[in-house]
Every structure is written in C-alpha cells, then in structure tokens.
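Listed next as structure tokens is one chain, alone, in the form predicted alone.
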Amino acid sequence: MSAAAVLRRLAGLVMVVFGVTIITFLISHVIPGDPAQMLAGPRASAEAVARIRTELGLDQPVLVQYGRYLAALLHGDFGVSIVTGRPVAQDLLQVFPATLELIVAALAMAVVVGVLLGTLAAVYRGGAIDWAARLLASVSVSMPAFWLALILLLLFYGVLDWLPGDGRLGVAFDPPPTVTGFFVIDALLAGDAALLRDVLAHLALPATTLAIATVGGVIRIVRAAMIGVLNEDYIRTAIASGLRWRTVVFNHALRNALIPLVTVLGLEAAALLFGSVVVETVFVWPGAGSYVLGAIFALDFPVIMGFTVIASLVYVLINTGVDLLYRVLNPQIGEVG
C-alpha cells in the first residue's frame, strides 16, 4: 500500500474521532441533569452550585466549552469523575486491563472453536458436522449476551457449583504483583499455581459468554471462505499430486481462507469493547464496562464521555489497522480513494 493511501486512512481516522468528540459533547448537554448540581450534592446551596458551575466553565458559551473540552482531550485530560473524584483517565487505566484480559480470552476461545468448526463444516459440507456448526452459528448471532450470561451463571454456579459466579479473584487470594495488569499472565510470572487456578476459574464464565456470542461470525466466515478455496484449481492440483487430504486442507486451503477472518476479528474485538458492559455487570467483573455502567446510572458525564471517546478511538484504530493489514495480506485488493 502506498504512503498516500495510508495518509488518507489516517486523515479519515482523525475526522471520525473529531466527529465522536462533537457527538459526545452534544449528548452531554442534551441529557437532563446538571453536573455542577451532582458534584455539589443534593443539599448544596445555589451559591455553591453556581461557584462549581463557574469553576467547570459551564457558564460559558457552548463553543467555548467545546474548545476547552477538545483542548483537554488533546492533552489526555478526560476530566474528573463526579462519583470517585479522581481523574477519569486514572480510573480507566485501572479498570481497562480487566476488560482487555476478558476480551483477549474470549477472542482466543472463539477463534480456536470457530476456525475448527468452520473448517470441518466446509470439508464435510451437508453432513452432520456442517449442520451442527451452522446451528451453533445461528444461535450465537441471535442469542442476547445478557441472557446467555444469566443461563451460564445459573447452571455452572447456581446449580452445579463448578465455577465462581462473580468477581475477578476469590476473597482468599490477593492480586498478583502487577506487571501486565492481566491476572493470568501476572499469576504465571509470580509462579503461583493456586492463584492461577482461581484466576482462570473466575475468568471462565464471562469469557465463555463473550466467546459464544462471537463464535458464530467466525464459523460463518471460515466456512464460506473454505468452501470457496476448496473449489480452486490449485487445491485440485495439490490433491491430484498425491498430497494427503489433511495436508491440503490445513496447510494450503485454510491458510488462504483465514485472510477474510482478519477483518471479522478486528470488528469483533472492537464490538466486544462495548458488548462487555452487560457481561461484566452480570458477573460483577471489575472492568471498564461495569465502571461505565455505574457512571451511567450516576449520570457521571466525564466518565461516560471519556469512555465513549476512548472506545470509539480504539474501534477506529482497530478497523483502520485491520484494513491496512488486509491489503498487505492481499495486495490484489485495489486501494480505496
């Protein structure tokens, strides 16, 4: 891909993020509620509320407020949480590792299961495996994540009592020394097997919930791509040359069929950042999702706006990166002007 095309993509990225800042700022002024009143408290006097409004710059024209808001964002300042009284950026840095660990675990599970089932469904097209894979894909894309989370919680925690139902760590354990922020990796680095087992047990249900909600798209993409690749002439040539069927499928066909999956994984990873809100709430997972949901109920506008901007930025960056990577993997795709 040419440098000019990359620059066009980056310019588009900047415009999208700029548009997101405008939307989040306008929404914060449309939603009923007075941040100054909430920050001062329900029993604060009118003078105290007016003073806070002046300190926050809420008494200034909207354009001036937006200019200050945008200038603060460019310096990494997302404001101060009304609920915690701490900088929003500081709070988000504390809770994002838990969300990222959950998303990475869910994607890993979805990719392994989805690629395997999608491949088998294409190879044994029209058979029982194909039917079962398509059924799972249909259930996956149509089942609400919160309902699935409640079912898994009821079954594996409430009925079978096999897995813990809430939190990121049991009360008998202290968090591992922070190295990456991912408890699984940090527990491994600490060499604490008991802690690692507890971390994995707490991660199992929420990660499985998100993985099931994601695996349907992976199965469909891999199955469709594999069916197309298996009908290519070079596959027939490889079979005619005497190569083992397993070698042809996994070493030749699957390698090319996985290229479209790159796009899907980018979209799914970005979508999981928003979709994890409900799952984290059900399993009391201390990540960005549950943190922001609490802010929504409290009308904590700085947190809501900060998370929206960051999540949108991550979404755009992932999709732009996937698009560029896809064109590198498949140079035959023409550049979009």
Partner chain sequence: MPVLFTRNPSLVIGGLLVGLVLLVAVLAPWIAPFPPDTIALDARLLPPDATHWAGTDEIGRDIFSRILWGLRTSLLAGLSIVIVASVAGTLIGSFSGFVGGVVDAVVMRLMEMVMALPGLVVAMALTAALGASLFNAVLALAVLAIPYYARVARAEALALATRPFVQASRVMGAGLGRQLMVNIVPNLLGQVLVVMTLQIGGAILAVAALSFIGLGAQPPAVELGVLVNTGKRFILEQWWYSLCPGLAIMVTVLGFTLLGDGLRDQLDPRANRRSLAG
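Residue numbers count along the first chain shown, from 1. In this text, all values refer to a predicted model and were calculated from it rather than measured experimentally.
Below, we turn to the form predicted in complex with its partner chain, even though it does not appear here.
The contact residue chosen from Leu116, Ala108, Val139, Leu93 relative to its partner chain in the model of the complex is Val139, the criterion being a non-hydrogen atom within 4.5 angstroms.
Among Ala132, Met143, Ala72, Val112, the residue placing a heavy atom within 4.5 Å of its partner chain in the model of the complex is Met143.
Contact with its partner chain in the model of the complex holds for all three of Val20, Val278 and Leu293, each having a heavy atom within 4.5 Å. Using a 4.5 angstroms limit between non-hydrogen atoms, Val64 is distant from its partner chain in the model of the complex. When its partner chain is considered in the model of the complex, Asn231 lines it closely, a heavy atom lying within 4.5 Å.
Heavy atoms of Arg220 reach within 4.5 Å of its partner chain in the model of the complex, making it an interface residue.
Residue contact check for Val322: none of its heavy atoms lie within 4.5 Å of its partner chain in the model of the complex.
Contact annotation: its partner chain lies within 4.5 Å of heavy atoms from the stretch 232 to 240 in the model of the complex, the single such stretch among 204 to 212, 232 to 240, 254 to 262, 99 to 107. Within 4.5 angstroms of its partner chain in the model of the complex, the stretch 97 to 125 places a non-hydrogen atom from each of Ala122, Val123, Arg125, taken in sequence order.
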